[in-house]
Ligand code: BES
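Here we start with a single chain on its own, the form predicted on its own, put down as structure tokens.
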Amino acid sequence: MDISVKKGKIFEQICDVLILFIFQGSEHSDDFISTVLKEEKFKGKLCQSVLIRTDGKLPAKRVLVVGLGKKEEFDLQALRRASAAAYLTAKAIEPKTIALEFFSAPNFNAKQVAQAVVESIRLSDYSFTKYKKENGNGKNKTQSFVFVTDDGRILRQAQQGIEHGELAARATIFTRDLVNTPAQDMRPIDLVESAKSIAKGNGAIRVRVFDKAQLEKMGAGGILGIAKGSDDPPYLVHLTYRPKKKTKKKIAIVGKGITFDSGGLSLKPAASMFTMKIDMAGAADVLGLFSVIDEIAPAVEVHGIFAAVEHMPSGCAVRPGDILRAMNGKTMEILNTDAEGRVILADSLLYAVKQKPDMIIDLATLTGACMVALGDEITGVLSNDAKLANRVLTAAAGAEEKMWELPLEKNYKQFLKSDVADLKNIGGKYGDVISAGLFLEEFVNKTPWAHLDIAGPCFAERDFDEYTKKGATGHGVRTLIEFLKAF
């Protein structure tokens, strides 16, 4: 489906479906439409819709009126939801052409409006059907979706918004596909191959892959220890993007890449393993970002780093009470093997520090405790640098991805003290999301760093909204894009 913008009169458009937005309590200026809305008791509540056959009264075959809710409560999230609802309702009648009256949103410019609409319709149209007999290919009959405006001054801004929306949606869908793929087909080597395919033929991106033998030489005991129980060997992947103009500024983006998490010998209950293919969502975010990074073209060097590891229980698996040695020589007592993410991230972060970045952001499906604290739609952000945390939260707000900062309470460090090692991999009975953050902080060497615990929102076990359906969400990618666009 092609998405474009053009100048024109909305009621002169020849199309199968014409979409109009209206605020709650407002009336439409067209007498025909206004009469039908009154008959249908349309109030304009958010996502409420009425589909009207025009019977030749207009060039459009049908008009779809969709509510935006109360004007005083309007924001881009409301627009995203309404746009997704409108598109899905229109798509159900299999139109070839859809036209949308370009909406002049209060407090938002044309670029923001177009981007929000495009992202929401692309993401609402997503489905993962690779493993279904009838995989849905070709079912979308819509060939064109056109924004129509009579204000030629905003055409350029709207076109830029469309382009940014397409880019963000494409990166998010790339990530969703990786996370939705079952672990049988998303082994550590498959993450490696995905990184290589992104870099292939792209002069701006370089990839280095460290195998088990190289990890042993590097002393990456955290990665190696967690991988011991699996037949699949571990890897450390390092993607590098360099802008065309030389820059001294570097950013490292680190992802957790556990391709399946059984919990190891501290075995998870059966039901808790149903969705553990998602434990590589942080690494998938890194790959999703790098799939479009040359189009974002930030004026900063970006390093994408993740360890790809499968975590399984076997006679070779790490045991509770074992002590692993990280890349910097610091020892970690493993009391609960199911707190494995922070252990592989220790080595991943240490490798990131070696690149001498100005800042590090990591994304990880790290703790169930974060979901207890914030629910399943909100990412917890913990940082050793207030300025960086604020930049991440600002980017998240721009991307309409929900994030909330949690404290790195220094007094809780005492709970990570081990009698036999430098650290233990679990803290006290409470506040595990903070203990996990404090554990990771031990491996960033005072580099400005922000940790994003995406355990909840990376995978929707129910529909979150009209454009985020059950399954992998790609949460985090759009925030990273917004973050880099600031450079």
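Residue positions are given as counts along the sequence shown, with the first one as 1. What you see is a predicted model; the values in this text were computed from it and never measured.
There is also a form predicted in complex with the ligand; it is not shown, and the following applies to it.
Novice: Do heavy atoms from each of Ala339, Leu366 and Asp432 fall within 4.5 Å of the ligand in the model of the complex?
Specialist: Heavy-atom distance to the ligand in the model of the complex: all three under 4.5 Å.
Novice: Tell me which stretch of 339-347, 111-119, 69-77, 374-382 has a heavy atom within 4.5 angstroms of the ligand in the model of the complex.
Specialist: Stretch 339-347 is the one.
Novice: Here the chain is shown alone; which of Met276, Leu88, Ala297, Leu408 has a heavy atom within 4.5 Å of the ligand in the model of the complex?
Specialist: The residue in contact is Met276.
Novice: Between Leu58, Val50, Ile426, Leu46, only one gets a heavy atom within 4.5 angstroms of the ligand in the model of the complex; which residue is that?
Specialist: None of the other options qualify; the answer is Ile426.
Novice: Applying a 4.5 Å heavy atom distance criterion, does Glu310 contact the ligand in the model of the complex?
Specialist: No.
Novice: Answer yes if any heavy atom of Ala450 is within 4.5 Å of a heavy atom of the ligand in the model of the complex; otherwise answer no.
Specialist: Taking the distances in the model of the complex, the answer for Ala450 is no, it never comes within 4.5 Å of the ligand.
Novice: Taking the ligand as it sits in the model of the complex, is Leu440 near enough to touch it, meaning that at least one heavy atom pair lies within 4.5 angstroms?
Specialist: Because no heavy atom of Leu440 falls inside 4.5 Å of the ligand in the model of the complex, the answer is no.
Novice: Even though the partner isn't displayed, in the model of the complex is Lys212 close enough to the ligand, meaning a heavy atom within 4.5 Å?
Specialist: Answer no; every heavy atom of Lys212 is more than 4.5 Å from the ligand in the model of the complex.
Novice: Quick one: which residues from 454-476 get a non-hydrogen atom within 4.5 Å of the ligand in the model of the complex?
Specialist: The stretch 454-476, when checked against the ligand in the model of the complex, contributes only Ala455 at the 4.5 Å heavy-atom cut-off.
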